[in-house]
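Quick heads-up: it's one chain on its own, the form predicted on its own, in structure tokens.
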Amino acid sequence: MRQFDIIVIGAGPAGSAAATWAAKLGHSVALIDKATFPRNKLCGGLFTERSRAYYTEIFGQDFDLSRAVTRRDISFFYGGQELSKLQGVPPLHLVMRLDLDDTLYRHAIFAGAVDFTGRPISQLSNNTVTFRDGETLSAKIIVGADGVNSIVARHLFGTAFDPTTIGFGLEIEVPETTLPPQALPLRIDFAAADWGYGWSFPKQHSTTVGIGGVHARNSDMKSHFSTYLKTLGMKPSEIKFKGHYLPFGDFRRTPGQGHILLAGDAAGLVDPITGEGIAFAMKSGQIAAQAASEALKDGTENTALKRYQTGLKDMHRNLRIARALRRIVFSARWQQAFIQTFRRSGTVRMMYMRLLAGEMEYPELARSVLTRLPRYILNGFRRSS
């Protein structure tokens, strides 16, 4: 049995960040993933300036934008009609997860993490991981960064997520040579799904088109996606798409137990309004590794979760506020008021853009929204009556 200080399960943004940071702090780290990298993952691929700042802090270098598409313009739609086209917005970088995750994984291995990718797990206990080939690893602390269907979360809580609150998304990758004009701009379509939105994000040589929303509110997401594709001038019958659960605002307030921590999507750390999760994934991985390191140095592995929760305090505060605010953006009662205000108010549009780009935190947004809330309520009551 090979022994490590820390085992990280999942080599995506959260896991690679955790493995890199822990290795830099001098710990022995095993990095596990059932996939072999590079590998694809369903994701819009929005890499914000916040993500870029976290990347630089964790991996010690600026992010290479040569394989990204950077846009400073974006179009917003509702019901197939353009609400607004904004130019000169904070930079939005669009990346392929195939490239991004492979880059992060390689950083982790270069930092000193031992590579166990391409190795499916057959059994997990409180301190050991056994692969299907029979090899077993042990560690004092385990970090579960293995996505929305986390086996670590299932081990701890019996289920990976709450089916009543989880999100679900469908997505396709469209080669640039076959793109209709409607799909060319960077665009977001409010209400393309119930309590969700659609997106068309241009990448190098292709565009990622997707739709996502709260799973329990969208019994026929395929129908919503077909309608959205038709809006973009595409023929749904000719397109194969893929689907995946999304921890769309379903974060775990207690992300682990004792010496076992959950990070990234496994902890539900995804913005419930914008759906952006790369920045929170990387940062939570770093915070988990820091908490693990401090617990190991004190010889108190079971304090890792308490330390981790302290480190996540600001992130959890942002997510709690976002969950409250998203009722204004997505609920049927207030959505029309929000859309009308979004259409009229340049201030609201710019606040949303600063939020999407990672330049604004939710406490600041909440203070601004509260000053306009009476108007939302009044408009909402007028429409409901």
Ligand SMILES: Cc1cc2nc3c(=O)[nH]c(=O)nc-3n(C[C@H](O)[C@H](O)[C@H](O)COP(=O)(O)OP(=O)(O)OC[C@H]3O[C@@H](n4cnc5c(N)ncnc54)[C@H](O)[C@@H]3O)c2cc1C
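Being a predicted model, the structure only gives us computed values, none of them experimental. Start at 1 with the first residue shown and count on from there.
FYI, the form predicted in complex with this ligand isn't displayed, but the following is about it.
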Query raised in the report: Since exactly one of Ile339, Leu325, Val348, Leu42 fits, which has a heavy atom within 4.5 Å of this ligand in the model of the complex?
Result: Leu42
Report task. Could you spot which one of Leu86, Ile166, Ala111, Ile151 gets a heavy atom to within 4.5 Å of this ligand in the model of the complex? Result -> Ile151
Query raised in the report: Taking 4.5 angstroms as the cut-off for heavy atoms, does Ala289 touch this ligand in the model of the complex?
Result: no
Query raised in the report: Would Arg97 count as touching this ligand in the model of the complex under a 4.5 Å heavy atom rule?
Result: yes
Query raised in the report: If you check in the model of the complex, is Ala30 within 4.5 Å of this ligand, heavy atoms only?
Result: no
Query raised in the report: Is Phe37 close enough to this ligand in the model of the complex to count, meaning some heavy atom within 4.5 Å?
Result: yes
Query raised in the report: in the model of the complex, which of the stretches 242-250, 227-235, 133-141, 71-79 has residues with heavy atoms within 4.5 Å of this ligand?
Result: 242-250
Report summary line: Near this ligand in the model of the complex, with a heavy atom at 4.5 Å or closer, the residues from 1-26 are Ile9, Gly10, Ala11, Gly12, Pro13, Ala14, Gly15
